[in-house]
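One chain comes next, on its own, written as structure tokens: the form predicted on its own.
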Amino acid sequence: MTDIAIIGGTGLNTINGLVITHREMVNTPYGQASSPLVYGELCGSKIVFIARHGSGHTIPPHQVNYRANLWALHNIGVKKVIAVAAVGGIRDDMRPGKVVFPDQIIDYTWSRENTFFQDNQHVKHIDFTYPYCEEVRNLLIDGAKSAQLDPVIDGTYGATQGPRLESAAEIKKLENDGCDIVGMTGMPEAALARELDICYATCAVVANWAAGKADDVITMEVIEANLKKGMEKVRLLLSKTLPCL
């Protein structure tokens, strides 16, 4: 049984160095997962990997089947999840290329299937005071420091609907609300993991300054260049963290 999973976001559809043993396409009570579950060994640790946006990055954030993805991982016995995500930087120290481990989240999404408890099922009111698992988060922070990545070890993730990027006025509102980074996939993924008692933490890579935080217009070329550098840091981070998990 594999109890560690990595959910790959934009920029991490595959993991270099993962020695794959097999793949499994999963149909769940909530529909089909975004991609096959990829089983393998990375840095001496057995893991399972799933691509949040599909193997070819074809699923936009608002159409990801978050329930199917988390249920599929839970069903095979996964206990700990590292969720990799690309984000925009709002706070001054959240500059492009930074690796960030948020400790809070604010949900601005709508119309997403955001709970396993509906259709007259027994309701589970999860405690979401601290939305990320401190055990996994602290191990990620220690791994990043060991790799000399100079991580940002706190911050509030503002989860927006997407798939479009935000306006400058929207980012100003998020900043006033206390958000430090902005992304499109943080919710309901974190809450669904909590409902399933999965220890979940996010490793965010800042791909660009959020709208209005820099003079330049945001382009995909800039995002992709920053993500390429950032995901190399993630791979180094995983090599330090996975043995500890």
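The numbering used is simple: start at 1 and walk along the sequence shown. Keep in mind the model is a prediction, meaning the values are calculated, not measured.
There is another form of this protein, the form predicted together with hypoxanthine (HPA), and it is not shown here; the text below is about that form.
Colleague: Only one of 66 to 74, 181 to 189, 28 to 36, 51 to 59 has heavy atoms within 4.5 Å of hypoxanthine (HPA) in the model of the complex; I'd like to know which.
Modeller: Heavy atoms within 4.5 Å of hypoxanthine (HPA) in the model of the complex occur in 181 to 189.
Colleague: Does at least one non-hydrogen atom of residue 87 fall within 4.5 angstroms of hypoxanthine (HPA) in the model of the complex?
Modeller: Residue 87 belongs to the contact set for hypoxanthine (HPA).
Colleague: Just checking whether residue 193 would be counted as a contact of hypoxanthine (HPA) in the model of the complex - the rule being heavy atoms within 4.5 angstroms.
Modeller: Judged by the heavy-atom cut-off of 4.5 Å, residue 193 is well away from hypoxanthine (HPA) in the model of the complex.
Colleague: Is the gap between residue 107 and hypoxanthine (HPA) in the model of the complex 4.5 Å or less for some heavy atom pair?
Modeller: Flag for residue 107 set to no.
Colleague: Is residue 204 close enough to touch hypoxanthine (HPA) in the model of the complex, meaning at least one heavy atom pair within 4.5 Å?
Modeller: No, residue 204 stays farther than 4.5 Å from hypoxanthine (HPA) in the model of the complex.
Colleague: Using a 4.5 Å heavy atom cut-off, are 160, 165 and 210 all in contact with hypoxanthine (HPA) in the model of the complex?
Modeller: Every residue of the candidate spot has a heavy atom within 4.5 Å of hypoxanthine (HPA) in the model of the complex.
Colleague: Hey, which residues along 19 to 53 are within 4.5 angstroms of hypoxanthine (HPA) in the model of the complex, non-hydrogen atoms only?
Modeller: Heavy-atom contacts to hypoxanthine (HPA) in the model of the complex: nothing from 19 to 53.
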